[in-house]
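Just one chain follows, in the form predicted on its own, and it is written as structure tokens.
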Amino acid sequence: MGFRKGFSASAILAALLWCAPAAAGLREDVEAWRTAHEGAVVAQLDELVRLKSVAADPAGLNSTAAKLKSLLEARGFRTTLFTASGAPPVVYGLYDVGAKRTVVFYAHYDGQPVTPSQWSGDPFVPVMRDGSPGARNIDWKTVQGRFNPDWRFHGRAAADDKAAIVALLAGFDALKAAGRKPGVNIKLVWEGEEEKGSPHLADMMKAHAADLRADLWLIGDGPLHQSRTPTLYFGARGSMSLEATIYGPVRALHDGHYGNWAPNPAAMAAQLIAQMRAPDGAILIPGFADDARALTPAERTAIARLPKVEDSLRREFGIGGGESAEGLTLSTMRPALNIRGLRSGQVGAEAANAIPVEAAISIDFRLVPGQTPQGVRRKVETFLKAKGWTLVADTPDAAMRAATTRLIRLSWGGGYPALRSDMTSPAAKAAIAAASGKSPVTVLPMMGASVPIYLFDDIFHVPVIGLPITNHDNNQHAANENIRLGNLWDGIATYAAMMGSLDW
């Protein structure tokens, strides 16, 4: 979408960030309801987190879907479970008030796999902890009066995304208690396999396209900006994974007798990574970013206006600096080749003076608009062949091993493209106005992480906007995942505002 003559990117963004007040008294009504029901809200989150909604537990996923369906029905929603063979149900809900606009609220109820030994306790037995360095446990069920907003509720999927689901339910309850009718027709899509890449979601949405017609999709996934300010994001990077195995000798060889002669897969893996990725994160594969769509002037201006968080993040993460000098957000606006794992041989006390038999590299690609998973795969494989690698899809046999010293097995994971939606649309302006409360809204052109929201744009051709509420340090996808209570309280107000005061 082009700019009208006479308007600069800065002027357009200034207009975009103008925040009309929410409906008179709505936030006050919601806050009053929430302060009187904090224990009940936490109890609802506690109940949902105890349900083991992870891919390894199909029964837990089904139980969670059934529970969410019952919670919606208790609130007057018309509900259905969209099902497909081999997939957990998609929970669909409709609350039709006869409004001129219909909004779909999306979230996922599944969580990442867990390694219980890495957690401070059972990932599915939630615990409240204070914000102190020692993280003291708190028996929240005995708390009298208000909860401390800096307390954190720990459990798998507590932040990603069950907090968003609870915030929506509580926001709806607060509107109803205040006698406020939603300003939009509400549709809900809560899926149970986002953490697996949503392999069945597109087919299910196409099969139920009539049910899912709407004017806007709001995506309740992802964290707030690191400045902790209210945030809307207008896109997300795409994703694709690759597992690569480099082969050396059929058995480990003494590195004194055979070093400098026998191919060393650990060294080859390190050399290959250096050929693919520069120290500043730039991808060195020829033509890799040729298809990437450039940022618009308005998007660049939005990024320039973001609060600066790099200094505080360096202290928080214990690092001396970033890979590049362009800042966090601009770094996440470009494609990424992340090395998420590298394994070969042993180290420390287990190390042996031996050339290992193989090396494994685990790669996570992040895509930007214009790129496709198919294009990424083609360019990576073309690059490897040009470097003299023989590519195989299965464990090589003796004949393959004898034919080359550069043998690599590739196992590609599923992937999906990125999306950056129009920040200047009427729906975007309405969402920014509705989200505005005590603080200005932080507007991100695109989230650095990946959510398959391109599907909603491809299938329904309506605006797609991210509505995150969780704290940036929530340990998403890691041990001791948590939601800060203050973020949950703010999320309730934000969801209530989206349901009660969206207008365009």
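Sequential numbering from 1, following the sequence displayed. Predicted, not measured: the structure shown is a model, and the values here were computed from it.
Although it is not shown, the form predicted together with another copy of the chain is what the next lines describe.
**Q** Another copy of the chain isn't shown here, but in the predicted bound form, which of 83-91, 137-145, 363-371, 428-436 has heavy atoms within 4.5 Å of it?
**A** After filtering at 4.5 Å, what remains is 363-371.
**Q** Residue-level question: is I355 within 4.5 Å of another copy of the chain in the predicted bound form, judged on heavy atoms?
**A** Output for I355 is yes: heavy atoms within 4.5 Å of another copy of the chain.
**Q** Although the partner isn't part of this model, could you tell me whether D96 comes within 4.5 Å of another copy of the chain in the predicted bound form, counting any heavy atom of the residue?
**A** So D96 does not count as contacting another copy of the chain.
**Q** Report whether the minimum heavy atom distance between P279 and another copy of the chain in the predicted bound form is within 4.5 Å.
**A** P279: contacts another copy of the chain in the predicted bound form.
**Q** Does another copy of the chain come within 4.5 Å of any heavy atom of A214 in the predicted bound form?
**A** Output for A214 is no: heavy atoms all beyond 4.5 Å of another copy of the chain.
**Q** Please identify the residue among A74, V347, A210, A294 with any heavy atom within 4.5 Å of another copy of the chain in the predicted bound form.
**A** When another copy of the chain is considered in the predicted bound form, the option within 4.5 Å is V347.
**Q** Identify, from the list I408, L232, L328, M205, the residue with a heavy atom within 4.5 Å of another copy of the chain in the predicted bound form.
**A** By the 4.5 Å criterion, the partner-contacting residue is L328.
**Q** Give, in sequence order, every residue of 319-353 that has a heavy atom within 4.5 Å of another copy of the chain in the predicted bound form, or say none if there are no such residues.
**A** Contacts from 319-353: I319, G320, G321, G322, E323, S324, G327, L328, S331, T332, R334, P335, A336, N338, I339, R340, G341, L342, R343, S344, G345, Q346, V347, G348, A351, A352, N353.
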